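Quick setup: one chain, the form predicted alone, written in structure tokens, and binding and motion questions come after.
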């Protein structure tokens, strides 16, 4: 039976919520600027994202009303459901630009690879919580989490979506290093990963994915074709100078030189219009949100809460890091939205769900694990 505990209100994390709202408002402002030239379509994208945000905050309210520790009993059903959705998308999903990533729900196009990332975090946190003995995980004990990561990784890679697939590996590595490992296990894993790089390059990467990496190493080699995206993005970021060209006055974005300016390259539009100072404000907001998220993990008195919070923070961090490094030419273009900032319903709903879980953990930090 539901029982209201007034300590939940006393521990409500207004600081974290305000940081999320701050980034969200900047994202909506940027989306309006980057899509207003689309005329009716642009307004539609702006209002769709606004509705997604409102729905996302509704999800946050629903999540914080239930103790996050129920996920210990629901982790595998959540995981199985995410794998089923990935299979369904692969077999019956909507195909766009030679990719099979979406499920058409009529009112909404679901990209199941997005909730699959959060499902993996919940599953790994549950597994490490149950199996941790304090002596360090052996390679044998890591076989299960490796298999749990490998299945959605392969399904997402098959879509194909290299960026999201790599996100699963980053989350797995982050959470695995966060728990205690035996030294020999760490050495074997490091050696195996290094050995797998040439194998993955030759047998698993598609030609266009290898081309993206080669373009990253030398974008000037084909500036009008494979290097076009990154070249235009770097021009947009650099041309913002100190204070930017002003809201809705960026040339690369407004004159349609910059592709995918409302999704993968949203930060490029922001940097061009608001300059170095505006970029520092946005990056500072992300940095604060990540640090506050880590503080939520540290302050949790429940080990499952610590693992779950750290996993969600690592998910948000790696997604933001990869996107920002991609648009500035530090990483290859892999198609990764900036959390809370880029347009996209599935990505936004997943991020807001993770934020709801983080706030849930914060609100119940006074509780001890049973």
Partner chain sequence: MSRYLARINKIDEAELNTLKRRIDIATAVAIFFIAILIVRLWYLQIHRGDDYAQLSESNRIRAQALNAPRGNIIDRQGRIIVTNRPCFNIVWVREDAPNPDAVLKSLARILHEDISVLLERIRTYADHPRYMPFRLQEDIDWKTLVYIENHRLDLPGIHIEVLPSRDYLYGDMASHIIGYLGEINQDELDRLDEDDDSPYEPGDQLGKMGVEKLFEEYLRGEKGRKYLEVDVHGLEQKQLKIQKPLPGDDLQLTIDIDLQQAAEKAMEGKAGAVVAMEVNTGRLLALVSSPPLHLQEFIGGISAKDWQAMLDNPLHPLINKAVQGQYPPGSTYKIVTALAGLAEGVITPETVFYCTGSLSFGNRTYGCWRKTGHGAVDLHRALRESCDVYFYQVGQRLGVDTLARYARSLGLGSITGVELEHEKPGLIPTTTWKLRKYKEPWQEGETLSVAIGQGFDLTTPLQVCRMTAATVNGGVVYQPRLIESIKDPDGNLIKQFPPEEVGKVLGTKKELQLIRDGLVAVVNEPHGTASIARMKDVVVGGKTGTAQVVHLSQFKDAKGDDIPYKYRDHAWFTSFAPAEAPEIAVTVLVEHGGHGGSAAAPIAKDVLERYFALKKERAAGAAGATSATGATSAAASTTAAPVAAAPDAASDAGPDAAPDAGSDAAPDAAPTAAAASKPQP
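Residue numbers count along the first chain shown, from 1. A quick note: this is a predicted structure, and the numbers were derived from the prediction, not measured.
There is also a form predicted together with its partner chain; it is not shown, and the following applies to it.
Out of the listed residues 193, 283, 91, 143, 283 is the one that sits within 4.5 Å of its partner chain in the model of the complex by at least one heavy atom. 300 is the sole member of 164, 300, 82, 159 with a non-hydrogen atom within 4.5 Å of its partner chain in the model of the complex. Partner proximity in the model of the complex, defined as non-hydrogen atoms within 4.5 angstroms of its partner chain, places exactly one of 129-137, 111-119, 185-193, 83-91 at the interface: 129-137.
Using a 4.5 angstroms threshold between heavy atoms, residue 252 counts as touching its partner chain in the model of the complex.
Remark: residue 69 counts among the residues lining its partner chain in the model of the complex, judged by a heavy atom distance of 4.5 Å or less. With a 4.5 Å cutoff on heavy atoms, residue 335 does not count as touching its partner chain in the model of the complex; it lies far away. A residue is said to contact a partner when one of its heavy atoms sits within 4.5 Å of a partner heavy atom; residue 104 fails this definition for its partner chain in the model of the complex, lying far away. Although its partner chain is omitted here, in the model of the complex none of 260, 346 and 363 has a heavy atom within 4.5 Å of it. For the stretch 253-282, the set of residues having any non-hydrogen atom within 4.5 angstroms of its partner chain in the model of the complex comprises 255, 256, 257, 267, 271, 275, 276, 279, 280, in sequence order.
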